[in-house]
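As a starting point, one isolated chain is supplied in structure tokens, in the form predicted on its own.
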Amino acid sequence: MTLLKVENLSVGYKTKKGLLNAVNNISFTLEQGKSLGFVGESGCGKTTIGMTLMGLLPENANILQGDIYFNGSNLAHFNDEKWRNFRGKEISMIFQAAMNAMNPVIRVDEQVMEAIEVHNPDMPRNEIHTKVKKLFNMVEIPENRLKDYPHQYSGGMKQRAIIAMALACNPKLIIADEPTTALDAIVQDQILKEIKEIKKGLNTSIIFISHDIAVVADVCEDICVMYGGQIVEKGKREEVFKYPRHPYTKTLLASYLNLDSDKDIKVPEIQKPPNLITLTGGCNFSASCICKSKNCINHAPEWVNLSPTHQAFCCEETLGKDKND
């Protein structure tokens, strides 16, 4: 069953220099109980998608066009009151900066309890407290640490507490925005295992946002590769990572160190990302693409179907130049 369907979504930020097109005409779907990863370099629009789905865009940002269908409701038309009743209950978010995501002067258990009370005002407080204990047990935080303040937690424990808060109201979708960026490799592995176990145990859908290819490949079944505010390739994990077709996806994968290879791999240079205020209308990746044709600079690419589940946002001429790579 399709849980989330995004159609032709564009999001812009008003700046002193003009309108910055952070997300430009993207579409994707997510099935119930599945995981979808967004991968790409900083500034490509990944976090803007997450904040749009949560109704947390800043004042200078607006949805310029498109629809966001979630369980039959169009989130693109929600007002503030609808977002307050929806956010946390249907969709929740694991924010990027766990170190700064909690109130430093309120005990950790009280912050998680507050998230439950907002959407369940009639639930007795003792039941809420019992549920918080179960959540902390799920993310492997000892019960004797519930009454601690955030500064008494390590980075990994704070991240686990944020995950518990995201699960507090049994949401159908969790958006994880770089949830392991500030953690060491061992703790990162533990957090990723917990996220996968939670998804499997609760049948929760996950959107995972990261610039780390290995992390996305480990967690997600479907992948969207982003560049310059656009999705440039999407498909099943095996299709995108084993058989990449868009020139940017190939460059991104080539830049990831392969410690098992003794070959000297030359990574194509990626030029400065496009100016999202003064877009030309052509392919955003044309300045760095070694396979571009003359039409790429001034003509927008189109979606090319590579398989029933695999697509690339490129011209067929460019894809044809290196299809046997």
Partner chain sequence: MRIKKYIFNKVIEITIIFFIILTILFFLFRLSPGTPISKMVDPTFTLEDQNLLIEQLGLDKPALEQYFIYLKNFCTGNLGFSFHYGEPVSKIILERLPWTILLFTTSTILAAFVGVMLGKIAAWKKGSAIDNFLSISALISHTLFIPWFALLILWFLGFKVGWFPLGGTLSPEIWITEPSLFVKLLDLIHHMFLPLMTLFFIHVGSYLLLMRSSMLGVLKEDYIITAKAKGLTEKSIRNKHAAKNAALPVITSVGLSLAFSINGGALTEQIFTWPGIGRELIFAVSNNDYPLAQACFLLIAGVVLVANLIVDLLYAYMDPRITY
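Keep in mind that what you see is a predicted model, and the values were worked out from it rather than measured. Residue numbers count along the first chain shown, from 1.
Quick note: we don't show the form predicted in complex with its partner chain, though the next part is all about it.
Peer 1: Decide yes or no: are Leu56, Arg84 and Val118 jointly within 4.5 Å of its partner chain in the model of the complex, with each residue judged by its heavy atoms?
Peer 2: So, yes: the whole triplet contacts its partner chain.
Peer 1: Given that its partner chain is not shown alongside this chain, does Asn103 nevertheless sit within 4.5 Å of it in the model of the complex, heavy atom to heavy atom?
Peer 2: Asn103: contacts its partner chain in the model of the complex.
Peer 1: Would Phe95 count as a contact of its partner chain in the model of the complex, using a 4.5 angstroms cut-off between non-hydrogen atoms?
Peer 2: It does: once its partner chain is placed as it appears in the model of the complex, Phe95 has a heavy atom within 4.5 Å of it.
Peer 1: Classify Gly88 as contacting or not contacting its partner chain in the model of the complex by the rule of any non-hydrogen atom within 4.5 angstroms, answering yes or no.
Peer 2: Yes - in the model of the complex, heavy atoms of Gly88 and its partner chain come within 4.5 Å of each other.
Peer 1: Tell me, yes or no, whether Leu30 is in contact with its partner chain in the model of the complex, where a contact means a heavy atom of each within 4.5 Å.
Peer 2: Contact check for Leu30: no, nothing within 4.5 Å of its partner chain in the model of the complex.
Peer 1: Ok, Lys134, His77, Lys200, His151: which has a heavy atom sitting within 4.5 Å of its partner chain in the model of the complex?
Peer 2: None of the other options qualify; the answer is His151.
Peer 1: Have a look at Val216, Ile141, Met165, Ile207 for me and say which one sits with a heavy atom within 4.5 Å of its partner chain in the model of the complex.
Peer 2: Here the answer is residue option Met165.
Peer 1: Within 4.5 Å, heavy atoms only, one stretch in 192 to 200, 110 to 118, 222 to 230, 69 to 77 touches its partner chain in the model of the complex. Which?
Peer 2: Heavy-atom contact with the partner occurs in 110 to 118.
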